[in-house]
Structure formats: C-alpha cells, structure tokens
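Shown next as structure tokens: one chain only, the form predicted on its own.
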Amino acid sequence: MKPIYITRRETFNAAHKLWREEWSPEKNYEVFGKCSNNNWHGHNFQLFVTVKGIPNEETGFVINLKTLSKILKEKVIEEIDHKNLNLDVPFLKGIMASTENIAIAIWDLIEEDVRQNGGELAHIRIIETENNFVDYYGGKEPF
C-alpha cells in the first residue's frame, strides 16, 4: 500500500516584528519594511500540518485527527495564540520571528509527537496573509 497524506488546519493570531538589533533603524526598514515597525504588527495566521503514512488496518487512520489536534493545541496554539512572537513564545526565543523560522520551529516541536502517534510529519504550511505563505518539508524535498 502507498502512503497517504492527511492535513489538519489550526489558526492563531499573533504579533511580531522583524528586527536585527545590530542593524540601524534605517537598515532594518530597508530590509524588512513595515514589518520592522517599532510598535509591532499582527497577523491572523493559518497553520496546516500534513502527516504521511499508511492507514492503520483497524482504524483506517494515518493518525487520529483528534490526537493531531491535541498535539497542535497543546504544543503550539496554546503557546503562540494572541502572543508577541518575539517576546512571549519560549520555543521562538532567540529566533528571528519570520514565518519561515516559525514553520521550522513548529516542525521541530511536534515531529516526535507525530511519530509516536503513528505518522510521519510531511509538511507544514503557514499562511501569514492572503498573499504570503511558507511551506516547509523538514529540510527534505517535497514528495
């Protein structure tokens, strides 16, 4: 049997600022534009987590979506929702709070839990705005 992919969507709201302390305000604005605003800015993020695997013969599941939802809510959403990503989120401490780095950090945070529940983490997508999103495949080539 060939593997199948299943995806769970969660949402969170958060503020962040893209800023490098060692750069001048002018250079930060040149590189990051409005995202370097001193007063932060926020997004209504959408998080899509895709798990790959062979469906269990008894349940038909690659991973129980209730279990995946619980992992995401406990490990990610409760830690990140309505927070300042630069200041309030332990798993992002010391990391530039770009959407790219958020995707990598979430992968690292949940990969083992997904594996322990029968699946293989295959893909994370974070939609930051209607025009901008990030896809991360754990450093592997997609598909």
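Start at 1 with the first residue shown and count on from there. Every value quoted in this text rests on a predicted model; they were computed, and no experiment measured them.
Separately, the form predicted in complex with another copy of the chain exists; it is not shown, and the next lines address it.
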| item | value |
| --- | --- |
| In the predicted complex, residue 62 touching another copy of the chain (heavy atom, 4.5 Å) | yes |
| Any non-hydrogen atom of residue 104 within 4.5 angstroms of another copy of the chain in the predicted complex | yes |
| Contact flag, residue 115 vs another copy of the chain in the predicted complex, heavy atom cut 4.5 Å | no |
| Residue 91: touches another copy of the chain in the predicted complex, heavy atom cutoff 4.5 angstroms | no |
| Within 4.5 Å of another copy of the chain in the predicted complex: residues from 5-34 (heavy atom criterion) | 5, 6, 7, 8, 9, 11, 13, 14, 15, 18, 20, 23, 29, 30, 31, 32, 33, 34 |
